[in-house]
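Next comes just one chain, in structure tokens: the form predicted on its own.
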Amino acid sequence: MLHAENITHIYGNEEVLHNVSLSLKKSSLTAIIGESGSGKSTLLSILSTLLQPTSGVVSILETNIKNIQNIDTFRNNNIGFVFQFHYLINYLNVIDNITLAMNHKDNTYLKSLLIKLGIENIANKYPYEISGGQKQRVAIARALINKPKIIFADEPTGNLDSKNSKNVFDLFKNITQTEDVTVVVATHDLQNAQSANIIYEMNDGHISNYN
């Protein structure tokens, strides 16, 4: 599904990632844990094609990302994103926020997604009318709407309480099994990260399997 080999990244004079290598299996939930500044968000940006590494190789769906001619189209067709801040548009209701970048007309899938994520009853509400946990579910629906192969989530529970944080990780685990989606989560939430199939730990730009 995804393979990264000897990823190094330098900001200015600082080497923030040091020869990082990892592999992600299809339809798995992978957690990358670490403190702020450990390099996990930079790694996630590189794995998700948002940032080019200084050196090293990233392959997604058996394709070296350096060989992809139109990275925006590739990203739109294959990758979904969930962030710590949901970035919903306040003047659009839930449905419009989800479908804003929708590249198909499968309304049956849209309806099933709303039900799966438990947000069908707030479909016509606006972001300022719903809770933080509901906003993040809407953000997850938006990430799923184009049926991506892989979802990258950067600190998706950073602004949620413990109950909603667990719900988000449960949703991620569920969609790997029911939507045939691979999910990668960068998080400092070690307790909920335990639900992942594999956990990597970032420490000062180095990566290791978590034991």
Partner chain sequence: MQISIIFKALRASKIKTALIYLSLSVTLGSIFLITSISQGIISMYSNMLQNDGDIIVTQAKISDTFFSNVNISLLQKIKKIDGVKNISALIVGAAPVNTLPIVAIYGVSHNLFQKYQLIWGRYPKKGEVIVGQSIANRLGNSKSLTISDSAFRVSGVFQSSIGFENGGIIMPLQSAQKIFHKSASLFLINSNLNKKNTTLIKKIQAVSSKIDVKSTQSFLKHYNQFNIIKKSSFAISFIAFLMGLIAIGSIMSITVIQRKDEFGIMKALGISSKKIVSFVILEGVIIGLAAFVTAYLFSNLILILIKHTDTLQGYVNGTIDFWLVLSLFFTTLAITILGSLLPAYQALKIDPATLIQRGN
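Residue numbers count along the first chain shown, from 1. All of these numbers come straight from a predicted model, not from anything done at the bench.
The following text describes the form predicted together with the partner chain, which does not appear among the structures shown.
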- Query: So which stretch, 53-61, 169-177, 154-162, 23-31, is the one near the partner chain in the predicted bound form (non-hydrogen atoms, 4.5 Å)?
  - Reply: 154-162
- Hey, in the predicted bound form, is residue 89 touching the partner chain, heavy atoms inside 4.5 Å? yes
- Item | the partner chain contact at residue 96 in the predicted bound form, heavy atom, 4.5 Å | yes
- Message: Considering non-hydrogen atoms and a 4.5 Å limit, does the partner chain approach residue 131 in the predicted bound form?
- Response: no
- Item | 4.5 Å heavy atom contact, residue 123 to the partner chain in the predicted bound form | no
- Site test, 41, 45 and 81 vs the partner chain in the predicted bound form, non-hydrogen atom cutoff 4.5 Å: yes
- Message: Residue by residue through 164-188, which ones have a non-hydrogen atom no more than 4.5 angstroms from the partner chain in the predicted bound form?
- Response: 188
